[in-house]
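The chain that follows stands alone, in the form predicted on its own, written as structure tokens.
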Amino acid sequence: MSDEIIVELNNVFLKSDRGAPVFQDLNFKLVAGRSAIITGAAGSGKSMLAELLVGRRFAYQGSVELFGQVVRRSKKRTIRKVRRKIGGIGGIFDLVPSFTVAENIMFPMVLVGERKKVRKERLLNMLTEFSLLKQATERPDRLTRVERTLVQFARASVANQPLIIVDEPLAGLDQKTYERIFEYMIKISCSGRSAIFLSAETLPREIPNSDSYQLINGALV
């Protein structure tokens, strides 16, 4: 397993849109091939952490590095480059409303310039694996909550991006889908890729190759 650090937050301070402190001296490292489970109550800043990692928010103090690149407001090219390496599920990682299910799933491959033949093959694999063949031509507003979640997992898996951020993946799912999604979370963590799982509740079972943290009073413990 590589010792490459793919996420590093050093002494990060972040404020909300209203100016209230969210993170205070936040520090975090994630090594390639490992995953992190971050739990925290509603309002603790889990979704803001996701926004920070993809360059939708910026720290007013401290540094944010992904894949060895410093993420700053002024570095738009770096932000685009980093985002292409990150798959996202839940929270801010919604589906594109004007795209069909198939187009949403293929989108990460389009961004990285994958060949058309490869895109078609991987799309079929994802539609089959996540039982979405019948929904391939539907748009997101025609999908159920469960189907939207499955599409997001398919989209996050198709391009083999090295980091996946999963924000409240199990909320609102029926028990059968809950178990299915949890098994897929385990599969991600065992695949050699890295994941950050953000959850308001403690997960029902352990996830291999992962470390657990709590987000309390603006810091990870």
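Here the structure is a predicted model, which is why all the values come from computation and not from measurement. Note that residue numbering follows the sequence shown and begins at 1.
Just so you know, the form predicted in complex with a further copy of the same chain exists too; it's not on screen, but the next bit is about it.
Only one of 66-74, 23-31, 183-191, 38-46 lies within 4.5 Å of a further copy of the same chain in the predicted complex by heavy atoms, and it is 38-46. Proximity of N160 to a further copy of the same chain in the predicted complex: non-hydrogen atoms within 4.5 Å are absent; the residue sits far from the partner. When contacts are judged by a 4.5 Å heavy atom cut-off, T144 counts as touching a further copy of the same chain in the predicted complex. The shortest heavy atom separation between A200 and a further copy of the same chain in the predicted complex is within 4.5 Å.
In the predicted complex, at least one heavy atom of E138 sits within 4.5 Å of a further copy of the same chain. Annotated contacts: V118, N125 and R205 are all free of a further copy of the same chain in the predicted complex [non-hydrogen atom within 4.5 angstroms]. With contact defined as any non-hydrogen atom lying within 4.5 angstroms of a further copy of the same chain in the predicted complex, the contacting residues in 153-185 are E168, A171, G172, L173, D174, T177, given in sequence order.
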